[in-house]
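The chain below stands alone, shown as structure tokens; this is the form predicted alone.
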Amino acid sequence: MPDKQKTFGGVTPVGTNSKGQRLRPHPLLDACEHQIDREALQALAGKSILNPRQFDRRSVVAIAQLSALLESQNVEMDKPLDGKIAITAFFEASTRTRLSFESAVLRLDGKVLSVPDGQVTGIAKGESLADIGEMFNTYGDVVIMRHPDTDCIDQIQRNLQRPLINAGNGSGHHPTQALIDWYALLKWRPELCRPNCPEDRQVHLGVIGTPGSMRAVKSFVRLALMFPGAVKKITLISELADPVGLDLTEPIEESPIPIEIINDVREVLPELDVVYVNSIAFLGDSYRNLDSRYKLEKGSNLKPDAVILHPLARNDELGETLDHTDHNLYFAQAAGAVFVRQALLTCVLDRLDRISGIPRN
């Protein structure tokens, strides 16, 4: 049965989920002896968050540590983003990403200017992203953007001088989603954050999808490659013979983690500790759903203690019959999004010192 939600420091975390495993933040804090890597976090001040390549294992763990601290205490009382304005510019449909970013800002006492639909902007009249970026310099302190064009980052940064957080760019990357994924994994099994993770706590990751055309999958794999000694093997399961794509080819070749590619999930499913699945591939200017052969449901031959991650939204590839099982880590994964995005915004906007309870290293 899933853990009952407990209080920590007298505060009940707000990021609860209704079904599946319910992850609590304090085991992760206990695993790092309640130490927060301030140096790694302070290095993010004023920086844009564009690509998972800009992180390393140390910074991923540090962001998870800060996220756990924020989840475990009433950070709203600190008002760390008071006086700051975040622009959420979503030129592509979104539910969880936009709302969790906006919730993160508002809970930290910041303010939000929202573009929920690109068709309500000057884009509909032919305005360039470069010109929009010029205007954003005056309107806010940080820009959070999702866009269907992979090259949108380069376009808007021609004139944008404010930090930019990439909330998904075409088939490019989704770095904050990958950090959310790893926050869930590190709460689920805190030993993974240690360089000397015990062998019996290391994980075999299975990734169902095509990283070359799935930005969330690509970003998740990119961070997974930073955890040798915690990830003992990665198996990519795809209908394509070469699903990797250019962005991952070099880091995969350089990684000490063994990686295999297969096209039948049934071959490996009973061996996997973590199954990451996503349904949506971005191909050119449209989306395509994953083949139904890769569907997971309660009757699938999963390892008894295996967990499933999914960035959501889901389609037929992930059956609702799994929702009430301990395989379901995907709802807890989604519930952690606000805290990870709070952590990033606090660091990027250089307001880390306003958070009470951060130990001095």
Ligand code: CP
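These numbers come from a predicted model, not from an experiment. All residue numbers are counted from 1 along the displayed sequence.
One more form of this protein exists, namely the form predicted together with the named molecule; it is left out here, but the text below deals with it.
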### Task
Please check if K79 has a heavy atom lying within 4.5 Å of any heavy atom of the named molecule in the predicted complex.
no
### Query
Closest heavy atom of K187 to the named molecule in the predicted complex, within 4.5 Å or not?
no
### Message
Test of understanding: in the predicted complex, would T210 fall inside 4.5 Å of the named molecule by heavy atoms?
### Response
no
### Query
Is R96 close enough to touch the named molecule in the predicted complex, meaning at least one heavy atom pair within 4.5 Å?
yes
### Message
Quick one: R57, C193 and K232 and the named molecule in the predicted complex, is every residue within 4.5 Å by at least one heavy atom?
### Response
no
#### Entry: in the predicted complex, the one of L312, A31, L302, I36 near the named molecule [non-hydrogen atom within 4.5 angstroms]
L312
#### Entry: Residue (of S72, S171, Q177, N166) lying close to the named molecule in the predicted complex, criterion heavy atoms within 4.5 Å
Q177
### Message
Just to confirm the contact call: exactly one of 249-257, 152-160, 199-207, 86-94 touches the named molecule in the predicted complex at a 4.5 Å heavy atom cutoff, so which is it?
### Response
86-94
### Partner contacts for 135-173, taking the named molecule in the predicted complex and a 4.5 Å heavy atom cut-off
R146
